[in-house]
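Next up: just one chain, as structure tokens, the form predicted alone.
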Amino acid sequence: MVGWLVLSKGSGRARRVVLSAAAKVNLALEVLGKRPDGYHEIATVMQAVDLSDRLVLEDADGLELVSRAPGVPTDATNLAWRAAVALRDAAGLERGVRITLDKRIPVAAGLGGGSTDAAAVLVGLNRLWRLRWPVARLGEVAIRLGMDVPFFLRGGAALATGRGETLDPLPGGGLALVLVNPGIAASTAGMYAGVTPPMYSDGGRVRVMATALRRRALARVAGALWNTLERVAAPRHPEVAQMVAALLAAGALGAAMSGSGLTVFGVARSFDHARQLRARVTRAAWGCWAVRALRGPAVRIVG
């Protein structure tokens, strides 16, 4: 636990907000090229799913982040911490907060766990500090934290372009998935550094996925799964191909890696089918979850 002492201008009475912060999967992800700013231009379809972290935000005299999860930093390198600082600065406040993070989403797994926590802090502090900012204004802060953070402010499903910050909502929900994680963290920067020009594409696969979601065509969704970064990850981590093969052998309609990995997900016919797939692919070294896609917000105030 690291504390940062600031003056609190609260009423002196402790208040708190409890939030659920959902993960996401990338149903399709293409790298279109390298931008002049050094980042990659991407096109991706993201879908929020109901594997969630739990955050408790409480009034405090300083800024504190507490988590017992291994591998989760509790200082200014944590995106949730940075979200609190960014919102405090943007609002011109001198306020503190104690953030207690119950981490359930695997770390550095391609599921957006850090980004959804950051979005949850923005939503929670908007309530705790009584800012009453609309989502669009919170989004201006979110985009400075990371390209996935604006997506988590809204949730559901979306087509994201640019660096991932330009969002076009899509019909979400209706999907049942199995997530399989090998317990190995992956570096997002390292994955993108491995993308070479022959891997660039024109976004056509992402457009096919967006159309499949709009038509709510499960077989087409399963057939349109794609992730350019999987071509970087698979030669480095044989677990990726093993997880894909295990899901397909168990009866998944399709399987692919999410984001920068190394989590792999499989498409099921129903949630009951997803639970059957999870039972078939569970191994001691792998974490497995049967999840539902979310139609509504990725971040929810639950207390």
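Each residue number is its position in the shown sequence, starting from 1. This structure is a prediction, so every number in the text was calculated from the model and none was measured.
Omitted from view is the form predicted in complex with a small molecule, to which the following refers.
Contact annotation: the small molecule lies within 4.5 Å of heavy atoms from the stretch 76-84 in the model of the complex, the single such stretch among 217-225, 127-135, 76-84, 166-174. Contact annotation: Gly96 falls outside 4.5 Å of the small molecule in the model of the complex, judged by heavy atom distances. Not displayed here, the small molecule is kept clear of Met199 by more than 4.5 Å at the level of heavy atoms in the model of the complex. In the model of the complex, at least one heavy atom of Ser260 sits within 4.5 Å of a heavy atom of the small molecule.
The shortest heavy atom separation between Ala142 and the small molecule in the model of the complex exceeds 4.5 Å. Checked against the small molecule in the model of the complex, the candidates Leu122, Val178, Leu111, Leu213 yield a single residue with a heavy atom inside 4.5 Å, and that residue is Leu111.
This chain appears without its partner; in the model of the complex, the one residue of Pro182, Pro106, Gly156, Gly203 with a heavy atom within 4.5 Å of the small molecule is Pro106.
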